[in-house]
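Below, in structure tokens: the form predicted alone, a single chain.
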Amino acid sequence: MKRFLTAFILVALVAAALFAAFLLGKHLRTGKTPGERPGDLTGLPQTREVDLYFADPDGQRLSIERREVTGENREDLFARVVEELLRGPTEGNRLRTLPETTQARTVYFRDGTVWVDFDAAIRDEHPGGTWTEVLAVYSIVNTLVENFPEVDWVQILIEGVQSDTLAGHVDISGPLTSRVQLLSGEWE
């Protein structure tokens, strides 16, 4: 019995050493720790220059305003970007796309999708109109997808719940990806 136990412990130690060598070799070859994804933020806090999407002065297309944003980790950086979008434009004649009192309740990232949970003001205080709603939705989506290569989709929630629309026109019931053609005022 002692021989069996000794042999078992020896085999387990060898297996553990081989596994550790494999992980170390992978880390040395790739320069990444196991489980690290492209775009992971290391050495934080990190300041990043991002493009925020607001409406142009005529309210006909999206227009970019560049700002610096600092985050403690990936989700914090995404949340800070959303906060900047909610603050509204500070340069030129751009127009805000979201109601002034709207707040982001939480922002989180899973499997290529950023989930942004807004309070009810995003819906209740939205001025209405199809095009205004298109610009509002895609100001959020484009801002997150176009600035971060690891983000493919954005899911908008209202008070923690998936909703059909913000104001009756644009389907937000599922994740959305960017529409850069809105920079030129095109839809579809």
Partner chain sequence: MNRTLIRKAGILAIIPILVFLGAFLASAEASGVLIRNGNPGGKILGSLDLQPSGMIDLASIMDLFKLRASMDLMGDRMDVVGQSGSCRLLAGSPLVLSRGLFALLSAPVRFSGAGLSVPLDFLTKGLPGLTGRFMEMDAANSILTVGNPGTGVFSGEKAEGLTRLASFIQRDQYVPEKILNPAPKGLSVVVLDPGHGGRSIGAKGSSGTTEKALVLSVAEKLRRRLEESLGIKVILTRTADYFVGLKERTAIANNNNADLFISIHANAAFRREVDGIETYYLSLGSGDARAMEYARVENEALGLKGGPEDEALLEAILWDMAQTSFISQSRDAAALIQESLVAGLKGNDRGVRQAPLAVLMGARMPAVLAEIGFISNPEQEIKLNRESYQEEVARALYNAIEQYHRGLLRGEIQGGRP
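Keep in mind that this is a model prediction, so the values were computed, not measured. Numbering follows the first chain given and starts at 1.
One more form of this protein should be noted, the form predicted together with its partner chain, which is absent from this view; the next part is about it.
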{"item": "4.5 angstroms heavy atom contact with its partner chain in the model of the complex for Thr130", "value": "yes"}
{"item": "Any non-hydrogen atom of Leu98 within 4.5 angstroms of its partner chain in the model of the complex", "value": "yes"}
{"item": "4.5 Å heavy atom contact, Glu68 and its partner chain in the model of the complex", "value": "no"}
{"item": "Any non-hydrogen atom of Gln60 within 4.5 angstroms of its partner chain in the model of the complex", "value": "yes"}
